[in-house]
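Single chain ahead, written as structure tokens, the form predicted on its own.
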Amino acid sequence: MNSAELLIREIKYFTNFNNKMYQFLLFFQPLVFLTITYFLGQMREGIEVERFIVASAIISMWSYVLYSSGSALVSQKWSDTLKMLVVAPVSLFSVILSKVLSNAVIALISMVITFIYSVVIFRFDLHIPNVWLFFGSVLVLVFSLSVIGLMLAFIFSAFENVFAFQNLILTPLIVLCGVFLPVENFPVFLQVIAYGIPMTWGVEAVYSSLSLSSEMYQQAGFSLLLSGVYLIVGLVFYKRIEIALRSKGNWGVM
């Protein structure tokens, strides 16, 4: 199965009407956040509508990546396909990386849906000064989300109740990565943690592209650099998982 076939298969799976949780994340959650944005605009004049719309889109993208990619490894155990992956001619890292990349691409659908809702339903005047610059920054954010999904899939494989831990970190990471408030407003120790997460730099690059700030290139560069480091660390971790599964037959809840 090539990458395009995998992406089409993942889209069919996650948009299936029987998959109600992911339907909510992709199609209904943007409505909730845009409704809040709409009433904020009604109550307070002069708010940056574009920033709130993009924030709504990022929240939906992050939620989707957290739940879909975060359980990518455990779900193989649940579907009893993990043992086949371990003996497959491709590495476990390659399989999970393909899944998290396709999940991140699907997360882009929620951003597109958010923009369509904002214009068609809520009649927001969505103005993006430079579409190509914005699209480039979004691709950087998508890559950082993919890498985070890869790491979360590894971390959550050590826990039995994966969804409980996903719920626990959903909102804190949204706040910590500066989706609502600039990271510079946080205490120093939180800034250190936040800037160690590639998603933080990706979010800042997206916002900088809206204001046509030249800092966008630096922020995108840091996001790509950190994502690359996380990718290498992830490769090492997944190699250890494969060794543990082949020698001991288990890893964490596996």
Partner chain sequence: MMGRLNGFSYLSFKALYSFHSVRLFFFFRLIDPMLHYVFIAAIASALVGSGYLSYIIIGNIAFYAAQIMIINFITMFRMERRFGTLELNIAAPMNTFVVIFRKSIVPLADGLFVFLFGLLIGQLLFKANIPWDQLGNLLLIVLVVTFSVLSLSLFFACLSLLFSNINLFLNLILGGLQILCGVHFSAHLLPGWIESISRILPLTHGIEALRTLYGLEAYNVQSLLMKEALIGLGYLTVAILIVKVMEYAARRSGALVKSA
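Numbering follows the first chain given and starts at 1. No experiment lies behind these values; they were computed from the predicted model shown.
Another form exists, predicted together with its partner chain; not displayed. Remarks below refer to it.
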Considering Met43, Val188, Leu212, Leu225, which brings a non-hydrogen atom within 4.5 Å of its partner chain in the predicted complex?
-> Met43
May I ask you to choose, among Val112, Val120, Val87, Ala164, the residue with a heavy atom within 4.5 Å of its partner chain in the predicted complex?
-> Ala164
Quick one: is Ile174 in contact with its partner chain in the predicted complex, heavy atoms, 4.5 Å cut-off?
-> yes
So in the predicted complex, does any heavy atom of Thr37 sit within 4.5 Å of its partner chain?
-> yes
Val32, heavy atom within 4.5 angstroms of its partner chain in the predicted complex | yes
According to a 4.5 angstroms non-hydrogen atom cut-off, is Phe24 in contact with its partner chain in the predicted complex?
-> yes
Want to guess which of 127-135, 179-187, 100-108, 69-77 is within 4.5 Å of its partner chain in the predicted complex, heavy atoms only?
-> 179-187
Thinking of Ile47, Phe52 and Leu168 as the candidate spot, does its partner chain come within 4.5 Å of a heavy atom on all of them in the predicted complex?
-> yes
